[in-house]
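Single chain ahead, written as structure tokens, the form predicted alone.
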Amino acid sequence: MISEAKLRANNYGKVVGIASRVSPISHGENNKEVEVEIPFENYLESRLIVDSFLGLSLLIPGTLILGRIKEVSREDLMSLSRVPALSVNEDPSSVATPLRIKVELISELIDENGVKEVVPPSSPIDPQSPVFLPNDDFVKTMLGLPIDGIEIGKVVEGYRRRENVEARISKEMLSHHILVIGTTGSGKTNLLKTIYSKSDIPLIAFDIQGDYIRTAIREGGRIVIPMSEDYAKMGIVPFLKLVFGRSSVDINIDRDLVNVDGQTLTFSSGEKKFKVTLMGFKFSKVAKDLADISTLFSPQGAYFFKLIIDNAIVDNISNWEKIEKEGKNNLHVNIHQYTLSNIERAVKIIQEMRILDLKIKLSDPGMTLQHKSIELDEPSYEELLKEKITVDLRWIMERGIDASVTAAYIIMNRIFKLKDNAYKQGKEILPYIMMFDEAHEYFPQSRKNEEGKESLERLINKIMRLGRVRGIGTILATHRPEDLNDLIITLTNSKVALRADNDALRRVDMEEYSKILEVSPPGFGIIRTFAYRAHNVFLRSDKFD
């Protein structure tokens, strides 16, 4: 019996000890820990530490279990023999005692009629069951780690990375959404950049700090920049010099510009080419969106604003008085003066955002087109669905919350509608990722007066509720999960916790790890996901160069 158990163990690693002979071994629903013993000579060779993995080969059930070391214990020979110490003399020989270990049970490999399956641990653990150091393949199998997907780092044991045991994000995990929490400097942005870089799935990253500009350039992606009037007046070349300068990237426009196609410029940077698309919003195309986005409209104001738009020829927002007059005449209904005042006040404030109906001076490297101006429009969203996109919101955010919310909302909504139409038409559903770093900035924050973000919050809620069957997965990263609503917390079925305080961990039900994560180094964290067999897996993320 013991020989057979050792043989099974040796197929998956190296035997180093046995389940305890001197302590009862019991485990159940509320207790997943058992005690094992490692002979001194094996202890010297194995360098076991807390959180190392161990395997158990059960004598009678004939199954295999993966566990994690939770506690280690060492005793001198005098302590074991319960002999009172008559002196404090050193005796190295009395240190050669077994290492006692408490092991947290993680998963069990059963074999039912030749079919192997990993299940939660449930079999009785027999005394003297061989304990073994598991090999990498056994660890991967027992943790249920995906074979395919985006590699984000390595599984760790204590402070040591298992270099051949990769932590991956599978497509299934992406479709059920992911939340990353961590303080400033914990490695959130590094993790998202790694995903951006390694993903073979098209994605869009909404960037409010310029953190992903270098990443987009390195990966040959596209940078989309929603413009405001202030920067459009500068002209393309001066503005892009400002963009690249603030982003600390070595791009020389005269040297690196390859092509100008309207409002999209292609640059060559090293081995890859990347694109920059300057975009604007035409009032004629986004007017109805504005009624849904802006909290400036009353419910009646939004309703009649849309009716006016439907019954008039809509062009530049500067012609609003003409548009309003034509729309009202064609409606043949009386609109209450209070409602009209609400509409006019909302339109005036929208005009003051200065993000609609923009023109920009176009220049090529030789400046032969320097006096030509083009109207900025929205890009082809069908093309964006095929690429890696960074939306640089820094510039439009300078016009205020309403301006940045408007830009982010329209872009997200256009993409969602394309995916929604494909789903409803029965077309092939291709995966797509939406990434939100500093995700709390997209939601109304309790400590600020930010009602303007409510429409954006509703849209993100909608995308996360309906996105899975439409191929949209979202990744949100924040150091303030308390600013995310309960639905977001519920819908993110995979969570990665990096260094974080107790309040943030409590928000995602991971406060049990606060003592570890409050002082953990950058990139060290815990991933909790339905897609792994283990409830929580420690990892160290790869460093993005």
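Each residue number is its position in the shown sequence, starting from 1. If you're wondering where the values come from, they're calculated on a predicted model, not measured in any experiment.
As for the form predicted in complex with a small molecule, it is not shown, yet the points below apply to it.
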**Study point:** Residue stretch of 267-275, 381-389, 187-195, 71-79 approaching the small molecule in the predicted bound form, non-hydrogen atom distance within 4.5 Å
**Key:** 187-195
Review point. Is G523 one of the residues lying within 4.5 Å of the small molecule in the predicted bound form, judged by heavy atom distances?
Key: yes
Check your understanding: Is T183 a contact residue for the small molecule in the predicted bound form, using a 4.5 Å heavy atom cut-off?
Key -> yes
